[in-house]
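Quick setup: one chain, the form predicted on its own, written in structure tokens, and binding and motion questions come after.
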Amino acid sequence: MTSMARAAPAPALRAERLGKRYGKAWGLRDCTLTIPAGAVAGLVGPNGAGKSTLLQLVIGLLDPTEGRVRVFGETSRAHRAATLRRVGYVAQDHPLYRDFSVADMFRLGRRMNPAWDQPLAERRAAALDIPLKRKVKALSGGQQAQVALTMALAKRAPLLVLDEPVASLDPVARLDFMGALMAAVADNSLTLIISSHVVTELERVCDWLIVLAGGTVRAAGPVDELLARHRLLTGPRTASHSGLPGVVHRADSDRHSSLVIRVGPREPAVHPAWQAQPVGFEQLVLAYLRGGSGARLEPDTRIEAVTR
């Protein structure tokens, strides 16, 4: 008996040695990563790490200097029209026309997007108690963020990209925005890429993680796998860590040291002076951000266990 093999679906995002140079300086370089369809991916890094550059390359606003990026199998810049239909984008400053009413913004969205879902936009505005006749400049910061998100969702694109969407919001508005966002992602089976400095928020919602620093990807992959492949070691400052797997970051106090290390399929044997614990999400992120250029987990690297 024979059967036709069904082709695997294209990932939502695939970047291959992607790079962008501004003059003599690289904003992003040698970026290789894959995000599957349906993932909720958190993008984290300090200011100037290359996060906005990566997202603008993804949506086709920038040309790569080297490498390429594909969105659902199509090169984003070469197939810009197709990419724009497949991507909803919310920028950090929620760019809206201040003198437009909310209804005006929705009419603009309908004219610019063939798949625009006007009932969805109006339902969200009503549920959020945002009057359609009110002008954008009369809305609170949280309401403006919700209108920007509504427009991205009403576009009915399978990939939603958000660049620091809650950076300017107060804690209550931030919580409301994230709650509405995750409900929309679940209801519409979207792939989400969200850039944020608020690591605790990413920990609550993300099942995929990308850490950028210095214009390079330091770590990328499913959150559960990344956490399983690292350990936090604590011990006396005088204890040696030679022979341990790759040390991502070491922090020393007067008497004690803590290390975040990469491990393999088996737990490494460690000196009795060291205590090994699972690493937390925030600990992992900070370790890669503080670890310098040498702290980098290649996307397809196989980490071998260390025994001694």
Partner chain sequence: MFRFRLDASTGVPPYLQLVQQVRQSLLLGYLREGDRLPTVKDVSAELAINPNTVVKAYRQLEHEGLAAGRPGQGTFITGTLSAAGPGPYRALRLALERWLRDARDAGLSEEAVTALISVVRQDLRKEGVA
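Just so it is clear, the model here is predicted, and its values are computed rather than measured. Residue numbers count along the first chain shown, from 1.
This next part talks about the form predicted together with the partner chain, which is not shown.
Student: Would you mind picking out the stretch of 138-146, 228-236, 212-220, 198-206 that comes within 4.5 angstroms of the partner chain in the predicted bound form, counting non-hydrogen atoms?
Tutor: It is 198-206 that comes within 4.5 Å of the partner.
Student: With the partner left out here, check for me: in the predicted bound form, does some heavy atom of residue 179 sit within 4.5 Å of the partner chain?
Tutor: Because a heavy atom of residue 179 falls inside 4.5 Å of the partner chain in the predicted bound form, the answer is yes.
Student: Flag residue 126 as yes or no: does it have a non-hydrogen atom within 4.5 angstroms of any non-hydrogen atom of the partner chain in the predicted bound form?
Tutor: No, residue 126 sits far enough from the partner chain in the predicted bound form that none of its heavy atoms falls within 4.5 Å.
Student: Look up in the predicted bound form whether residue 159 has a non-hydrogen atom within 4.5 angstroms of the partner chain, and give yes or no.
Tutor: So residue 159 does not count as contacting the partner chain.
Student: Even though the partner chain is not shown here, does residue 74 get within 4.5 Å of it in the predicted bound form, heavy atoms only?
Tutor: Residue-level check for residue 74: no, no contact with the partner chain.
Student: May I ask you to choose, among 33, 40, 263, 247, the residue with a heavy atom within 4.5 Å of the partner chain in the predicted bound form?
Tutor: Exactly one residue meets the criterion: 40.
Student: Sort through 130, 173, 185, 120 and report the residue having a heavy atom within 4.5 Å of the partner chain in the predicted bound form.
Tutor: Selected residue: 185.
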